[in-house]
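Okay, here we've got a single chain as structure tokens, the form predicted on its own, with questions on binding and movement later.
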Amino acid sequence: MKSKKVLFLALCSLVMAGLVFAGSAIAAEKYVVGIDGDYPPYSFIGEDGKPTGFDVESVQWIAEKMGFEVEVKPVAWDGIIPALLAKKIDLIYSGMTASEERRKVVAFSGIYWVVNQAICVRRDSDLNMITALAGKNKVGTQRGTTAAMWLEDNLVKGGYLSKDDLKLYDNFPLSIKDLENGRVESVMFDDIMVEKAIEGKDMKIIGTISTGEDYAVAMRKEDTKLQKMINDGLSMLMKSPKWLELKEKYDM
């Protein structure tokens, strides 16, 4: 009898251990989401010191609905793809353009937003689109962005803008600050970002370049399961009342 009882207890222990193991196996997977921490309204650090924004709330909603967890982590934008490839992060969900160049090294989700490039100047400036970008005036933007790539490919390489007159910054707010202080004559960046950045400032938008850039979520090419979850979650989000709520909240 004693041996049977011991055997029974041992079996119970094994079953319980199996349940614990199974529970850990089916526990929500956790993914680290890389963002640009100075990219309102998409991703930024709130007054409470925590990441927030349209993209941040989007991925948090998707994670909850799809049954996984996320840790949102600010990463320097010019190093964010290398961080993804090095597995320091698992996703980039922060207003990233799904360009052909980037598609060569990472996989993208479906498209969730489309932007163009806007050019802003100080309100007292008499510059127009041509003189601002193809003259002898300094143009600012954030390094590693599609704005920087466009300026380099279309103006610097074409000889219309001196390389010395293209000023690249670690983040977009720094370029706006230098425009405000007269260190550059214009700034080029994603249209909705520019609109938000110059609110309440003595600046104006003088035009836009229709680049039609598709925003999508980036991940490693081998992470096909994660890609499917993000695509399914995005589809659910964009059909839900939450999508309209987020657009209204962040004035998109």
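One rule holds for the numbers: they count along the sequence shown, beginning at 1. This one's a predicted model, so the numbers in the text were calculated from it and none came from an experiment.
Although not depicted, the form predicted in complex with a small molecule is the subject of the following passage.
With the small molecule omitted here, the record of contacts in the predicted bound form names 143-151 of 82-90, 160-168, 124-132, 143-151, defined by a heavy atom within 4.5 Å. In the predicted bound form, none of the heavy atoms of S109 sits within 4.5 Å of a heavy atom of the small molecule. Contact check for K138: no non-hydrogen atom falls within 4.5 Å of the small molecule in the predicted bound form. The closest heavy atom approach of M96 to the small molecule in the predicted bound form falls within 4.5 Å.
A residue is said to contact a partner when one of its heavy atoms sits within 4.5 Å of a partner heavy atom; Y215 meets this definition for the small molecule in the predicted bound form.
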